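So this one's two forms of a single chain, laid out as structure tokens and tagged structure 1 and structure 2.
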Structure 1
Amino acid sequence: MNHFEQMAKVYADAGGQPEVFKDSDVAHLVISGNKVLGAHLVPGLRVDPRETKDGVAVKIVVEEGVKIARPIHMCFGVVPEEGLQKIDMHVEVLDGASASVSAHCVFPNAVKVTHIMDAEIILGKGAEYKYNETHFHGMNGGVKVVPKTKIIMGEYSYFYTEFNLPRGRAGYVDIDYDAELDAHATVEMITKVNGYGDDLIKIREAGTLKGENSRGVLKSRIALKGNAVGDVYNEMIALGAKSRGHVDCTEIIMENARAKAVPVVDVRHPEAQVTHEAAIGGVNRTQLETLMARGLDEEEATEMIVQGLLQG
């Protein structure tokens, strides 16, 4: 198997669709370690990847007014047991443009792998960018993933991001997303992570609703078992008139797991409003008993509730 085929396989194992790499209508970017194994463009999309010592620096531009119909597929991975991958990503979605990305980050054999993502995303006026990433970190817990993203959002722009780690170990995850919104912009940040063993999951999501009528939702769903630890810090700052924000965190803990959530709501305009809800604890008893009254045993019921939370 050559390097590309290897990546295609781990990509497929993690739930990706490798056939899109052969579809000329679908843009893609495949990065393994510090090698760009494949990059395919569609009209209006510029991708400029540059290999660096420990990874890849990539600049992505969606040109003004261009609407890319089908999701751009990205795959980042480290196949060997050890390695360091540093991705520097600069994304610009220019005025009136729109694109969505389906990304997979795969470290299936990791014993000692570090993946660092430093991203900057700039959305022009009325631009739309949806980023959905699914992680698979293998079963050893030997992954350290540190994604840091700064999002600058122009008027009427829309940004959606979803970080999914539904199965396997999480390892050490330290997410830091920060969005700044101009008037009428909307951001949604969703994080869904499963952890066990001695996994440590740190999430910081922040939104600053600068402009009037801007909107933000920060949502985290964490399920922890074993000795895993979850630490969620969600911050929503509302400055603009009529800006609206909501912070919503649910963490289910089982066995010896521990979870902490700090929702910070900071409102500095009398016409702005931010709400928050947080539920941290064991699996809800009434939910469990409802499923048990339909014949599931406690373990099956727990699994169904947790998977619903993470994958629903």
Structure 2
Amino acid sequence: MNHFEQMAKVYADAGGQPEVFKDSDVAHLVISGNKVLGAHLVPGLRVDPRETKDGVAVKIVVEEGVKIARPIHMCFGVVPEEGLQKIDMHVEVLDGASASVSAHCVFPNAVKVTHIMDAEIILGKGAEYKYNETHFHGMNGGVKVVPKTKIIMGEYSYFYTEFNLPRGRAGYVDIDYDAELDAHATVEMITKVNGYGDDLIKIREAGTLKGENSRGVLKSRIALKGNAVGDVYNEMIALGAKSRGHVDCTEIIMENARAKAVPVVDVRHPEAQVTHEAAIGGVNRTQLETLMARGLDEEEATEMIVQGLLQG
């Protein structure tokens, strides 16, 4: 099997659809380690992936007014047990343009793998960008994933991002996302991670509602088992008149796991409002007993509750 075929296989194993790589109407980008294995464009989309001395630099531009109809598919991964993947990504969605991305980050055999993503996303006036990413880190816990993203949002723009790690070991995950919103812009950041063993999950998400009528939601759903540790820090700063924000964190802990949530609400305009809620605790006993009464054993019922949290 060549490198592209290997990546297509692990992409499929992680829930992706490798047939899209053969569809001329679907844009895609495939990076294995620090090698660009494939890239395909559609009208109105410019992608410039360059292999550098220590990684890959990718520039993506959605041209003004262009609406990319079908999701752009991206696959990043390291197939061997050891390796370093470093990606610098710069995304510009120009005025009135829109695009969505379906990304899979796969490290199926990882024993000692590091994935570093430094990204900058700039949205023009009325632009829209959605980024859904699903991770699979294998079963060994030997992955270190450090994604850092800065989002600059113009007037009336919309940005949505969702980070999903529903199965397998998390390893070490350190997420750092920061968004600045102009007037009437809206951001939604959602993170869902399942960790066990000695996994360490750190999440920092921040939104600054600079413009009037800007909107922001930060939502985290974390399930922890064994000796796993979860540390969530969500910050929403409201500066603009009539800006609105909400911070929402739920963590389930089992066995010897530990969880911490720090919601920071900072309101600096009398017409702005930010709300928050945080809940940390064990599996809901009533839900557990209801499922067990329907024939599931305790382990099956617990897993169903955890997956419900991560899929909700």
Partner chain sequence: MELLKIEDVSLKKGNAQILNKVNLSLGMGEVHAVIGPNGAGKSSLSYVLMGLEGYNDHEGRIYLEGKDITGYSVTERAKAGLTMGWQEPARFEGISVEQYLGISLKNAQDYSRNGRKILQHTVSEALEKVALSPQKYLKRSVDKSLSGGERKRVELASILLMRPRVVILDEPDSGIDTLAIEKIFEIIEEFKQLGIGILLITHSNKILSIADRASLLCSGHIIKTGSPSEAADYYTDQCLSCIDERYPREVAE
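So that the term is clear: the rigid core is the largest set of C-alpha atoms that superpose within 1.5 Å between two forms. Throughout, residue numbering runs from 1 along the sequence of structure 1. Values in this document were obtained by computation on a predicted structure and should not be read as measured data.
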Between the two chains shown, which is the form predicted on its own? 2
For Glu298, CA displacement between the two structures after the core is overlaid, in Å: 2.6
